[in-house]
Every structure is written in C-alpha cells, then in structure tokens.
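Before any questions on how it binds or moves, here is one chain, the form predicted on its own, in structure tokens.
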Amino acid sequence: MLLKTMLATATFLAVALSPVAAQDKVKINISGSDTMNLLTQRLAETYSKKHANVEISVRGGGSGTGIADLLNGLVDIAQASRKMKEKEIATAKENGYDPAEYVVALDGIAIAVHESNPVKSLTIGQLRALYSGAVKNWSEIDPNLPSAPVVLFSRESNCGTYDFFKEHVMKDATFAPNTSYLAATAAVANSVTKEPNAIGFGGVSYFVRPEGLRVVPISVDKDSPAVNPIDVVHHHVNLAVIQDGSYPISRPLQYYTPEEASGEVKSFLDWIISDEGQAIVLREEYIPLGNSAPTSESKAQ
C-alpha cells in the first residue's frame, strides 16, 4: 500500500511539474476548404510538434462551411480557397466580428482530361462552353477530337474551388444539367481517370501524379499562349507560372480569423509565412508565396 502511495505521489509530481501539464493546452480549431485541408494538416502537425502546448484540430467541409463556422463562433480559423463574399463580411459584422485575412499559399486550378483524350489545349472561352453545355461533343472543340459526348465533373457548390471557377471561368454562366458534382478534388481526379470522355477541375496539387489523366494547358484566348500548371518533364507543379500569374486560373489560398489574430493563432500564422512554413507548402505540392504573388483577380477573360 505504501509503495502504491509513493508511486502515485511520484506520478502526480511528474505531471504537475511537466511544462505542458503545468498549463492548459491552447486549442486552435480550423475548418473549411477541402483544397487546403491536406496542407493545413501538415502545417498543424509540424507546428504542434514544435509547440507542445498547442493542439490544432483541422477538418474540411468546403470554404463555405469554414466561413459559416467562423461567423458562428465555432472555429478560430476558416481556411478558404476563395475570398469572403460581401454578404459574409456583412454577416460577420452583424455578429460582432471584423474578419482578418491571411494569404498563406497560392494555387492554380488544373483542368484534367482522361489520358486518352488528345486535346492539346483549351481557352477560357472553350472551358466555359464545355461546362455551360454550349458545346456538348468533343469534336465541336476540334474535328480531330473524338466524336463523343463530354462528361463533366465539378466540385460541389459549397466549395471555394467551385465558386472561383464559376466567377473567373464561367463568368456566372449556369453549369450544364449533366454536370456531376463531387465532394472532393481527389474524387474528381479519380472519376476522370475512369471516363475517357471526361473533364474535371481542382487544385493543381491533386493532379500532379494520378495515373490515367492528363492536365491540359490553358490560355486566356486563342491569341494567347497556352500555359500548363504542371511541369510534365519533372512531374511537379510549375511554380513560376502560378506565382507570376501567367497561368490564367491562379488564385491565393487564405485563412480568415474573426478579428486580427493574436496569441498562439498569430504565432501559428506568422510561422506559416516564414521560410520554414513555406518550405512545407512547397513540399506538399502547393505553391509558396514567392516574390510576385498573383492577386485574387485571375487573368481569365
């Protein structure tokens, strides 16, 4: 009995004197963009290892979900692959918040087709025609392409990728009725690999290595050069064309906080844009900020 008491006392003292147990852990809750989810998880894991008193919870659900969680006081950070909308900012202020934005990385929206599709490039206008249903057959794009109906895959409407594509490519045109909406970019990539006549889009990092598909170079119009967001020789993201905005569907990836960040949240955000944090961005096949980041306004016409 005495031995048990001594052991219990020793355990209590060890916990009490532990630097982590001596203070409550700081918890940071993050939700939102599925495009950013893998990146945020890797950043959170590394940061928590370096700061044992910080516990970071990360979940997806889409940019719209993350922003809604932020407006309802459910999370400390919303990850978003699109800018907050004016009505969301207005709602935030009605709820007593004044959201702050932190751009942490860049991204390009890749356009993928099945590996058997010989299409060499597409313009923004042709993309719009395909996804609006104005063009229903691949041969309408080019007589040398298969005479086959186009199979359309898109991210779901709660997703920031969908919103960005709708605004900058579709120009708010309606998607064709036969469009299939999928909950994750990985699902879009997987679906394209299984359907010879398919086309899909999503964050470029998800399309670097999947077998069975090909990323298509995109141009602003027929008189502009087509740019591929993938370096097809070395099989990695073509960082330069996204950092300088020459790839026409480039965008920032950002976090939103209810107010200007402070405490551990600010420390976490500051670390992400440090050399160490941006090295993780690069390692995970996202695009680090660089010296000439594109704005949220794509060059797509």
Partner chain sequence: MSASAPPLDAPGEKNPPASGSPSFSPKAVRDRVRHSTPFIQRLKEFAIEKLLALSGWLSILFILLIFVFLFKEGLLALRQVESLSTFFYSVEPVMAYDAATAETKIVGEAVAYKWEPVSTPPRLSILPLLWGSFGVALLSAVLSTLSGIAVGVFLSEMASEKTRNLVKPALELLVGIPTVVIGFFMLTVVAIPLKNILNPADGTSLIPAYQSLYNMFVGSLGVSVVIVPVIASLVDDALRAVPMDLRAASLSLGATRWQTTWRVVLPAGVSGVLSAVILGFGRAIGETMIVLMCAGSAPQISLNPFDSTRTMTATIAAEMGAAQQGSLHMHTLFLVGAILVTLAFFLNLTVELIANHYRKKIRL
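Positions refer to the first chain, counted from 1. The shown structure was predicted, so the numbers you read here are calculated from the model rather than taken from an experiment.
The same protein has a further form, the form predicted together with the partner chain, not shown here; the description that follows concerns it.
Three-residue candidate spot G61, D163 and F175; every residue lies within 4.5 angstroms of the partner chain in the model of the complex by at least one non-hydrogen atom.
Taking non-hydrogen atoms only, V135 approaches the partner chain to within 4.5 angstroms in the model of the complex. Within this chain, D98 is remote from the site of the partner chain in the model of the complex, having no heavy atom within 4.5 Å. Although the partner is absent here, T179 lies within 4.5 Å of the partner chain in the model of the complex, judged by heavy atoms.
Contact check for A129: a heavy atom falls within 4.5 Å of the partner chain in the model of the complex. The stretch among 73 to 81, 226 to 234, 187 to 195, 104 to 112 whose residues place heavy atoms within 4.5 Å of the partner chain in the model of the complex is 187 to 195. Although the partner chain is not shown here, in the model of the complex the stretch 26 to 44 places heavy atoms of just one residue, D34, within 4.5 Å of it. Compared with the form shown, the M170-L38 C-alpha separation decreases in the model of the complex, the change being 3 Å or greater.
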